[in-house]
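What follows is one chain in structure tokens, specifically the form predicted alone.
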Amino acid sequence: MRIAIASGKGGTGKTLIATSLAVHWAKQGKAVTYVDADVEEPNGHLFLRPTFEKTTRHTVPVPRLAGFCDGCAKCQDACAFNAIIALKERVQVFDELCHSCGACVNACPHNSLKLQPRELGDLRHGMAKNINFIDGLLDVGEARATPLIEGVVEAADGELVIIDSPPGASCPAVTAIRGADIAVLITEPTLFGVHDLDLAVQVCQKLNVPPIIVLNRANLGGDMMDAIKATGAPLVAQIDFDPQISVATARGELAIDVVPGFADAIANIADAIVVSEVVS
């Protein structure tokens, strides 16, 4: 089962829930893989503290001129992303815009364009508390995170794969959620939280990934039950704000191990995930 832990906005407690679920299932003897797909600012390692066993450079293919060019501009015309322009007897490739589709290579009448690897960032593998740990770290200055997110997600396998998605409802989040069996959307009782939750639910519906909702810090803010119900996704759990969770995190401890009652809340979410997957 592939489980995407997502949120319409940042700061809702997504990584807290994702890492806690990984620990919960690992304690039950399940084969768990935790994937931190938020490659622009991964923080799952701060919770789980893995020992990294392997780091590889992730690459994507981009076109390079490797032969005669007469400036015909057929490669430029074929590119839907304006990533290549034809100049006199050469071409200019804008790597940050290239989607590695290969259309320019196929369009070149002289077969002078060749796809060559371009590095985007690190893909790291490790172990943490009997949990397979995978994350990605995008190079500083890179404009597109989605190719590295695809690489991180594709590297994961196992009985249970927990994908800690980037926040929001844009391309990075879509890339992480796509292909999951279920999406657990973490929200908070604020107007911003519920507004962005609605966008996340729409993303899941477009991707045909069934969403369920967890309301974090449920005892703060106003009554958002009607707004959550309006999304059409089931609310499966509510977790009250507990300052002990923040204290445990600041100390480098796992809240699921040291905060009374939090382990029960995570167990309830895990049960709801399993039931929702069976029903779907």
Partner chain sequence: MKQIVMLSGKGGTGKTSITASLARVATEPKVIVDADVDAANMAILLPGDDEQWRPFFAGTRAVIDYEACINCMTCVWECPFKAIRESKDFRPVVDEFDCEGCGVCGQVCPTNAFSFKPHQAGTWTVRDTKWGPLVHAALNVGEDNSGKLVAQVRQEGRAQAAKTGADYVLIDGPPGIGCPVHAALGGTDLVIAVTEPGVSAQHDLNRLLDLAGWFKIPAAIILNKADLDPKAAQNLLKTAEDKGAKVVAKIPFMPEVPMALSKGIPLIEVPGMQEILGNCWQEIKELV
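Numbering follows the first chain given and starts at 1. Bear in mind the structure is a predicted one, so any value in this text is a computation, not a measurement.
Just so it is clear, the following notes concern the form predicted in complex with its partner chain, a form of the same protein that is not shown.
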query	finding
Interface segment, criterion being heavy atoms within 4.5 Å of its partner chain in the model of the complex, picked from 179-187, 125-133, 155-163, 72-80	72-80
All of Met1, Glu53 and Ile256 within 4.5 Å of its partner chain in the model of the complex, heavy atom check	no
Its partner chain contact in the model of the complex: Asp240, any heavy atom under 4.5 Å	no
Partner proximity in the model of the complex: Glu96 to its partner chain, non-hydrogen atom cutoff 4.5 Å	yes
Partner proximity in the model of the complex: Ser112 to its partner chain, non-hydrogen atom cutoff 4.5 Å	no
Its partner chain contact in the model of the complex: Arg251, any heavy atom under 4.5 Å	yes
Heavy atom within 4.5 Å of its partner chain in the model of the complex - qualifying residues of 127-150	Leu137, Leu138, Val140, Gly141, Glu142, Ala143
